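Single chain ahead, written as structure tokens, the form predicted on its own.
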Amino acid sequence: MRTVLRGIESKTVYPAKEQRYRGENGELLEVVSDLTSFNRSPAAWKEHFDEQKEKPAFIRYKDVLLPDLPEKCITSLSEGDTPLYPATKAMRDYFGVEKLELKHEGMNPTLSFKDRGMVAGVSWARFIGADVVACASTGDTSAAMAAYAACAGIKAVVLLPEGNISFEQYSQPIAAGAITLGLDTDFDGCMELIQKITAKHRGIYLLNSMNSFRIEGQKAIGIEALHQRNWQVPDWFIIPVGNAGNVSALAKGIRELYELGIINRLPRIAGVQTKAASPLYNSYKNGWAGLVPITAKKTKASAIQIGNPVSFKKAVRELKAFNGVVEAASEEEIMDAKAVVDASGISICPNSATAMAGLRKLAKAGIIRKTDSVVAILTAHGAKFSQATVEYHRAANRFANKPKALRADVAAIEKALGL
């Protein structure tokens, strides 16, 4: 096999097909594949990707994601090929950059970027013969895992923090047939429990972001964005951070393209957290100090309401390699940013809006220059967060578009329209 699992600190190597999430010393693992064994030049890699354009994105990029995964094991819902929207003038003016594009992962089948990881994770589960997959979730992970497990005919088990995810997200694993358990704890509590259960019952395969094979699928987000830009690297990628798996995956995929010579430089990366759950930001502001877990506070950006991010060490390593920065945004900043993007016709979630709010703050601080080119990663669709959207617009907020209740009367309508 071209692929092994390797400890991120000790560099200890383990077989790729071993059902393992941490090293013997408890360290995080990463997937390492010998991509040079394909003996392709940078031009040949680009030609290969172009030749695969009619195939689902995971298959198109499989050689740099999971090269040892047999195609017969792949469970795909035709995820990927998500749009890379150019920002409107109103967005460019508000966020303070002239060259802004939005990679909308909410246009995936279950309406979030998690589909990128679950096509990899569930397919790998089939490859190693797992009968049950499981996850803890703030919403999007459970939706994606349940859908892909249903497609593969594999039983799915979901642990959720009861009352702390949107109604739309809650409905998704139920609809897909997953065993859905709402627990009286937060995400970090669910995560602790699912690790204990999967350690005790080896027949249950864990598909949270500490599963290194799931993370490999998420590399496709950055790879596809660069492919869409004809391999022209932006100055910045900006991305919301919760459990820190997505920023780790984005960076790893781009770094591997650079090592293969497919791109000629590295971008900078900015990770953004909500102030309600900002342990990575706290680390960054303290000179990349070690992780100090916190109790995450309630936030509209519920998918990143995580106080003890599992992929913290991976994220720090990658952000350092990319001369990265971390920012944090308030609830008001997040929801105002969401309203601005929504008003352009692009519906985004509060988690995506966290990245956008961070962009505005970094641009105001001069860290991101007005002339820099920026690709923002939007992680989920706004349709999953209708309550947060309606609540914002019903209140006296900066960009509120307050709905009006009227009599069913022509005169009343004309008055409301100023006619």
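Only a predicted model underlies this, so the values are computations on that prediction, with no experimental measurement involved. Throughout, we count residues from 1 along the sequence that is shown.
This protein has a second form, the form predicted in complex with a small molecule, left out of what is shown; the following refers to that one.
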| property | result |
| --- | --- |
| Single option in G253, P267, G139, G80 placed near the small molecule in the model of the complex, where near means a heavy atom within 4.5 Å | G139 |
| Sole residue of W124, F187, Y205, F95 within 4.5 Å of the small molecule in the model of the complex, by heavy atom | F187 |
| One stretch from 68 to 76, 193 to 201, 257 to 265, 238 to 246 that, in the model of the complex, holds residues within 4.5 Å of the small molecule by heavy atom | 238 to 246 |
| Close approach of I306 to the small molecule in the model of the complex, 4.5 Å, heavy atom | yes |
| Exercise: L359 in contact with the small molecule in the model of the complex, heavy atom 4.5 Å | no |
| 4.5 angstroms heavy atom contact with the small molecule in the model of the complex for Y148 | no |
| Heavy atom of A380 within 4.5 Å of the small molecule in the model of the complex | yes |
